[in-house]
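Next comes just one chain, in structure tokens: the form predicted on its own.
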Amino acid sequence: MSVHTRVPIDAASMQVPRGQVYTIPNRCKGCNFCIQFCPKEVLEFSEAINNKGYHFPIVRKGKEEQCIHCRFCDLICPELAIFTRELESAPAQGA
């Protein structure tokens, strides 16, 4: 049985969004929302703790290039302790 995957006609010319994650460690209260809802599993808790005694999110080793600037972390953080900035996008695979 073959599986057919739908691909947009212009997929070769599409660009994959890339983002850079920034945290404000001392605002974080360790709620885990940013880590839990990241679609690319880019984030994890740091070993360090902030002034409030919480482990704050950092980018996982090896995932530095995986952020797609979806902004889920930015939108869901109740303390406004994390955000992303869009970087120049790389061409899609096969372009």
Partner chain sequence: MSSGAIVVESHPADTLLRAERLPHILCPGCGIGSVVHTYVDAIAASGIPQDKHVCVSGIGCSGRAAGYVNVDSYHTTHGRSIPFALGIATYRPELHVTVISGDGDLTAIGGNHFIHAARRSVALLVLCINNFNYGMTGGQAGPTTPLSAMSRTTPHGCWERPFNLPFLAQAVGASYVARWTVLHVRQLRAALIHAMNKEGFRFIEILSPCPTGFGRPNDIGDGISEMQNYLRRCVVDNGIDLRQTDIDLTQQDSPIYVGDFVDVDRPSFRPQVVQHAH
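This structure is a prediction, so every number in the text was calculated from the model and none was measured. Residue numbers count along the first chain shown, from 1.
As for the form predicted together with its partner chain, it is not shown, yet the points below apply to it.
- Residue contact with its partner chain in the predicted bound form: residue 76 places a heavy atom within 4.5 Å of it.
- Residue contact with its partner chain in the predicted bound form: residue 64 places a heavy atom within 4.5 Å of it.
- Its partner chain is not drawn, but in the predicted bound form it has a heavy atom within 4.5 Å of residue 32.
- By the criterion of a heavy atom within 4.5 Å, residue 36 is counted among the residues contacting its partner chain in the predicted bound form.
- For the partner-free chain shown, 18, 19, 20, 21, 22, 23, 24, 25, 27, 29, 31, 32, 33 of 18-33 come within 4.5 angstroms of its partner chain in the predicted bound form, judged by any non-hydrogen atom.
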